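One chain comes next, on its own, written out as structure tokens in the form predicted alone.
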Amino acid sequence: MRGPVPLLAPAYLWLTLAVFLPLSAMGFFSLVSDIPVGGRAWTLTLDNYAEFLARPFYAQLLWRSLELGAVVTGLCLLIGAPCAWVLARTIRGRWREALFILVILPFWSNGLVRVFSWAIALRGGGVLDWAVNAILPWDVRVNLMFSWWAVVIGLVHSYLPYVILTGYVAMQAIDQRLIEAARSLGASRRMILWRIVLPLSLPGLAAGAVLVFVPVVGSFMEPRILGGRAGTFFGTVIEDQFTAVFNWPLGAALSFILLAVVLAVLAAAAPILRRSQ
């Protein structure tokens, strides 16, 4: 057989096994009254989805998770865009390689190691507390552990490289002659930034924002460890249904609701993404 089919078949087969089959199993579990194992009686039902509508607690947690995703994505864009510009246009040679290593360093360590490292740094009497008191002449107690900001810091550290890398690719592709032409016509640095750099780098930054927002909304490890009671979000409730309560049907239904909401948000942002491209 000739053509692209033999080359694409392994990739699509892997996608089918790794994505669609688990989603199909999850969809089935969300529609049953009990786990169909061990001879348990079960029936098809929509009660699991009705329970989400019947308890405002779930909707509040879902909204709280969306807010967390928006804040983390915004901070990643604010921090990542200048970093990407510095890597793409300012630094050359070995310094760029060294900064690239620092950017991708979080990918080389285990997620639990990163989270517990932040737990050591943010707790009372930790590294951050010691550093602040070493600089300031008066006694300051910095204890961000088990707070909303601790969760945000841990998530930004974990997902910031996505924005930097996608923004770097987009900014490096900007033709330097466009910037030189704008300068020759008297454009200021601010005008070049707003009229040339940001519009041309928007596709890469938008792709990075999607890569950050989608996993952050459903995250559970960072909120669980760094947030404590303040780290109760929709993702942690879903994890509890599978690991603590063993209510797999409800957990599957909540997972599909979260998936539907995230897809709706991305669909609403699709016109902006198309315009940026």
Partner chain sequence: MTAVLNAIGRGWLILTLAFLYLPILVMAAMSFNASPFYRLPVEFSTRWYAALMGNAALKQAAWNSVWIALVTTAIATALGTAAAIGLHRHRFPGRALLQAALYPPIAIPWLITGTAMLVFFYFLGIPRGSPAVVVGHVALAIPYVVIVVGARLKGFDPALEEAARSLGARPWQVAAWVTLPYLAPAVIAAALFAFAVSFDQFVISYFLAAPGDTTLPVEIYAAIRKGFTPEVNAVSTIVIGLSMALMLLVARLARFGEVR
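These figures come from a predicted structure and were not determined experimentally. We call the rigid core whatever largest set of C-alpha positions still superposes within 1.5 Å between the two forms. Positions refer to the first chain, counted from 1.
Form predicted together with the partner chain: not shown, discussed below.
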**Message:** Taking the partner chain as it sits in the predicted complex, is residue 265 near enough to touch it, meaning that at least one heavy atom pair lies within 4.5 angstroms?
**Reply:** no
**Message:** I'd like to know if residue 173 sits close to the partner chain in the predicted complex, meaning any non-hydrogen atom pair within 4.5 angstroms.
**Reply:** no
**Message:** in the predicted complex, is there a heavy atom of the partner chain that lies within 4.5 Å of any heavy atom of residue 87, even though the partner is absent here?
**Reply:** yes
**Item:** Contact of residue 123 with the partner chain in the predicted complex (heavy atom, 4.5 Å)
**Value:** yes
**Complete:** Contact with the partner chain in the predicted complex, heavy atom within 4.5 Å, among 71, 193, 182, 119 goes to 119
**Prompt:** Considering only 47-83, what residues come within 4.5 Å of the partner chain in the predicted complex, judged by heavy atoms?
**Reply:** 78, 79, 82, 83
**Request:** Superpose on the rigid core, then tell me if the C-alpha of residue 24 is displaced by 2 angstroms or more between this form and the one not shown.
**Result:** no
